[in-house]
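What follows is a single chain, given as structure tokens, in the form predicted alone.
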């Protein structure tokens, strides 16, 4: 008896997608359909497909780009491309880059089923790389061009295939094999802790503890005790001995987050740890040796703090042996669709009752042109909030109004769009979309409000707010 295969059919022509699915179902396949690349990515995160069958020519994301992104998430998932005669050269090129095979339209049922079976058999005969999992979203093998390779261990959460992110992952892999201190710099919300965790995971210390301490979140009076530990009776309230985070991290890695906020007195004691590997608990007289790799992170400009006398220059030079700069989101906007798909999946995990299943191409276009002063963290919170509050299956530009009450101006430099426009925050994205709808309705506000899915009074309120 022929074994049932689970197949995802992708085509932006819904009728064609259903037609191909029906053809496969007559050949004892179980099918789901997706009408865009982003829908397909989301569906693949939620399901364990045997094969993906995708059209080549699609508006939002063509089949070749979809195949590339799927390979970034799961390198062993076979992709069969459907193509018209005119796009056969592109399909052949895609096969060279990792597609399993292509088939010309109109598709023949038995031929397509034969390709599906061949793809599944070929997949079963090749052992997936250690970093690849059948479940999407947490580990991945990545491909660039014609080469397929496993992502550096621990970097799977660093999503994106922009040049900046590929260089970052390569640097992490190099740094992981060393034992030198690392200084991670970058704006708030760029993912500095993820980078630190990836460095630890790439190192020989991966099986040992990874411990974090935020120098800005702990009162100065408690920070020394938290890091170095204390003995019983060392100070009021010290009812029992506490080991401290440096001792907890022995053999592993300690992330000192927001190192720029560490008090000067404690900086001197940290310098001693870096020089000698020795610690002494508060109130104690015993020296303890520890083997800890120090990774520090900050959004501050430490050289400026050194000049101002707020950060020790000798500690700065000790920490700045290896420097890793995490790029802001505005310098890697090509990664926004992948990030948005990931955050959509995370949002659905946290809000399983949500109706949302996809993000429209129009909204993705707006997101790509935002400045995102809060970087990846701001994008994530925006997507997750929309997942919770939107009442439709697809997120659209009008849903940005749901974050209207939290809009804030950008304090940094704006991003210049190709057309010369400057978008400073989510409010700009909303305004741009509203203005486009008003142009479409020849200024008819009642029609515009209906298209936007808002009350006419809300439209008037927004326009009043946007007046100079």
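Small disclaimer: the values here were computed from a predicted structure and weren't measured. Positions refer to the first chain, counted from 1.
FYI, the form predicted in complex with a small molecule isn't displayed, but the following is about it.
Annotated contact segment (heavy atom within 4.5 Å of the small molecule in the predicted bound form): 371-379, selected among 72-80, 371-379, 288-296, 224-232. Proximity to the small molecule in the predicted bound form, defined as a heavy atom within 4.5 Å, holds among 305, 159, 202, 213 only for 159. Site annotation in the predicted bound form: the residue of 115, 107, 356, 165 reaching within 4.5 Å of the small molecule with a heavy atom is 165. At a distance threshold of 4.5 angstroms between non-hydrogen atoms, residue 190 is in contact with the small molecule in the predicted bound form.
Contact annotation: residue 194 falls within 4.5 Å of the small molecule in the predicted bound form, judged by heavy atom distances. Taking the partner from the other structure, the small molecule in the predicted bound form has a heavy atom within 4.5 Å of a heavy atom of residue 258.
Residue contact with the small molecule in the predicted bound form: residue 343 places a heavy atom within 4.5 Å of it.
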